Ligand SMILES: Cc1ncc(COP(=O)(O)O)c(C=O)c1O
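One chain follows as structure tokens, the form predicted alone.
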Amino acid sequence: MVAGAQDNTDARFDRARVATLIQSTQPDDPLAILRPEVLRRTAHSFLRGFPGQVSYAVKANPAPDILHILVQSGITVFDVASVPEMLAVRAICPSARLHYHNPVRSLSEIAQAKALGVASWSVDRMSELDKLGDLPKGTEVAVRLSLRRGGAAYDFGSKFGAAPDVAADLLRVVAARGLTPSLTFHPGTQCTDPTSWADYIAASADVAKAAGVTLASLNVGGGFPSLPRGGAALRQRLFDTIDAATQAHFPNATPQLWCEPGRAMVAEATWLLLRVKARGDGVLTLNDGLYGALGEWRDMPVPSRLIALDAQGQPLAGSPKPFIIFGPTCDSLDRVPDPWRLPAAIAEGDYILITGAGAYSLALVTPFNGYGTCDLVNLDSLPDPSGQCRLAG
């Protein structure tokens, strides 16, 4: 079965389970609904399709169930940005390889990371390289490169990354200190432009040449888009572009390629089920908002689909109209910036199912005003309403 057909089959199967869940429990708190088979398939698509090694960016979703399924699927390398993320990974996979690629750290964090056996570090300035102190000879240090270019939903290079000349200087020092010189970059979140990766790879080759070093590895970052439809085909085009650009610009000494997907790995693997608490004139107040799992909606449009369901879990019919969306807290800033188009008949007690909600949702939940509880429900733990098993793809 092709990927698109399998996706549709999975969605129908999982929607039926969600309807049964609503009918049986009438959940009043927000629920995150984990779709394990989708996560497994996505992990396998990266492991099979990417022309190198795959690590998972834990920041996107650090839920233990997510980490456990990824390890079962063959992901044993993790991009971690903090000591708590390292501990979360070690609890699931004690032997995991850790890439500490948040390039700014305190001395205490560095000491704890050394104790936890970090395999790869990232820096984007000399002061942070010096702060690492004496690392064992041969330890990998990846200099983070930034080209300050577009092509993504927002630019990761505005906070982290060294310009090419600074990156070359850093690489020389890394090599001179007996460490393993590597480069890393991030083209920006939801990047759909293959030339972003091609340009960064070309620039990486120029930086390595200017520094006079041979790169041991090249980490092409995350940024892979999560798209409800057509995502697999686009992702493969990106993989092919990365492969071709690496072969073209490193013809004699090809570095080990790494990628660190976060959003693209987990977004489609979790849905978010919210309930309408109240309806006003063109206004809906939900049981979750910007202080909860909708936190990212404040800053960027999230590639999701909104499905309105009645109190029995059945789709609401009727023409859509725009609604202002408020969260449950008493803060008037708890408002989604753009209206949501939902069936005009939606009412208090109905539900909204948000697909593609696995990334930067649970990770951003706060307990402000006593809200923010978001349980993770594994669909595999729910009964099959049809009495039939899902067909494997």
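Heads up: residue numbers just count along the shown sequence, starting at 1. A quick note: this is a predicted structure, and the numbers were derived from the prediction, not measured.
Absent from the display: the form predicted together with this ligand. The rest refers to it.
The contact with this ligand in the predicted bound form, taken as any heavy atom within 4.5 Å, belongs to 222 out of 161, 222, 181, 289. When you look in the predicted bound form, the only residue of 360, 50, 326, 340 with a non-hydrogen atom within 4.5 Å of this ligand is 360. Of the candidate stretches 262-270, 301-309, 247-255, 275-283, only 262-270 contains residues with a heavy atom within 4.5 Å of this ligand in the predicted bound form. Although the partner is absent here, residue 189 sits close enough that one of its heavy atoms falls within 4.5 Å of this ligand in the predicted bound form. The shortest heavy atom separation between residue 41 and this ligand in the predicted bound form exceeds 4.5 Å.
Under a 4.5 angstroms non-hydrogen atom cutoff, this ligand in the predicted bound form lacks residue 335 among its neighbouring residues. This ligand is not drawn, but in the predicted bound form it has a heavy atom within 4.5 Å of residue 57. Although this ligand is not shown here, in the predicted bound form the stretch 288-316 places no heavy atom of any residue within 4.5 Å of it.
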